[in-house]
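Two forms of a single protein chain come next, each set out by itself as structure tokens; they are called structure 1 and structure 2.
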Structure 1
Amino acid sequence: MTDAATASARDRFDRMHAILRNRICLLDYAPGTRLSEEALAAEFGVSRTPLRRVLSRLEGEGLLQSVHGVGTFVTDVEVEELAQTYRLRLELAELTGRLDPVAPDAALWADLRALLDRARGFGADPDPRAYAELIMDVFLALLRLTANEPLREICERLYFRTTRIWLKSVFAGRLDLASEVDVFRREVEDIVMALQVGDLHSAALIQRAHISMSFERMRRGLSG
């Protein structure tokens, strides 16, 4: 039995964790939203106890905050901390190309081609949710270019912590979604081209540049 019917405690935990993390990072639950332990436990078909363990983990990852007698809320991110995080992510992005880089294997090449197709499949009026998912999938795929496990874990952590704030700006219309999709498509194309030449460091630098530019666009969008 390798199908979904085998539901060990660990599997259930991972499943609920991944689902809730995605909902938070893809803005199904906007920052500030209150999550009902009772409702979520009922949805997943478990009692509050195991669900609370998942919420506690998400709190440790900085995505939730529980307050006794009040509720469990999706966290927001202060602008100053957001800026600090992006400055850090710039450096870490470059590190992924410098620390234990690994050339893409066949599986990663296949995934990258599929992601490229998805990026090119968006029309004039892109679906925000699908765009958000694509960005996340691309990010996670590019993370496989480094074999440095701690570095990957940290990049993931920072990404999950802050991407939704950037997404919020896009979805709020302060950034033009169609042009954002276009810029992102070019980014993926550039990175894939660098990878085809075998230049992992350049691929990382391109990603770094795009992180920097997208943050800059958001900053201008917020102030404007």
Structure 2
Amino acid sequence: MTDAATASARDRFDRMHAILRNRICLLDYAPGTRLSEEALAAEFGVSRTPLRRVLSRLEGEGLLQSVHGVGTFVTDVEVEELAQTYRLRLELAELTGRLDPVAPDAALWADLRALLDRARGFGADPDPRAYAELIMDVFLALLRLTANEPLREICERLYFRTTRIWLKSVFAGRLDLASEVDVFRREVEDIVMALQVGDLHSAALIQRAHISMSFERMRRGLSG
């Protein structure tokens, strides 16, 4: 296989993975949904072999479960089951400001300004899915502040494993969405302010605090 063909196959793999991961994390595929390999292969215009590699990766990330002879299903998530994962995310968030930190370049600054505009653009009745997409986009943008690839990979993996809990809590009426939007807007504003003065460690600490507070609000919502 030529280098160009290899790159093209990798691009297709990454694209399918990102699309299916987003559908799971935005609850387009609800927990328990059975995914049809035939339908997905037809949608993406690929054979089942590369599709199965994507599904296998998503299963390794905890987003799918394959049941032999039955099919592949979207997993469910609960706050208490992933408490340890959240605690690990807290520690990793701080590390992004200390391990191989990278100052924002012009492209990242442009993305951050656009993301902040989106955060400020929600009205009194925000759309949960649009807001969830914003949170994901902010997370991926801020990952670019570290050049440590292993750290980036594990942060991304754990983030996408836990992010559905927040959206499930909103749809279940456990969280006040308007309040959540306001808290997140202020978080993004504080991170941008820290980055403007070149304090990448403080930006990472702000992210850490946000993860901690979000988790506690969800736990209180469950127990309330």
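Quick caveat: nothing in here was measured; it's all calculated off a predicted structure. What we label the rigid core is the largest C-alpha set whose atoms superpose within 1.5 Å from one form to the other. Here, a residue number simply tells you its place in the sequence of structure 1, counted from 1.
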Between structures 1 and 2, the form predicted on its own corresponds to structure 2
T49 and D100: do they belong to one rigid part between structures 1 and 2? no
Please report, in whole degrees, the rotation of the smaller rigid segment with respect to the larger one between structures 1 and 2. 12
What is the C-alpha shift for V79 between structures 1 and 2, rigid core superposed, to one decimal in Å? 4.0
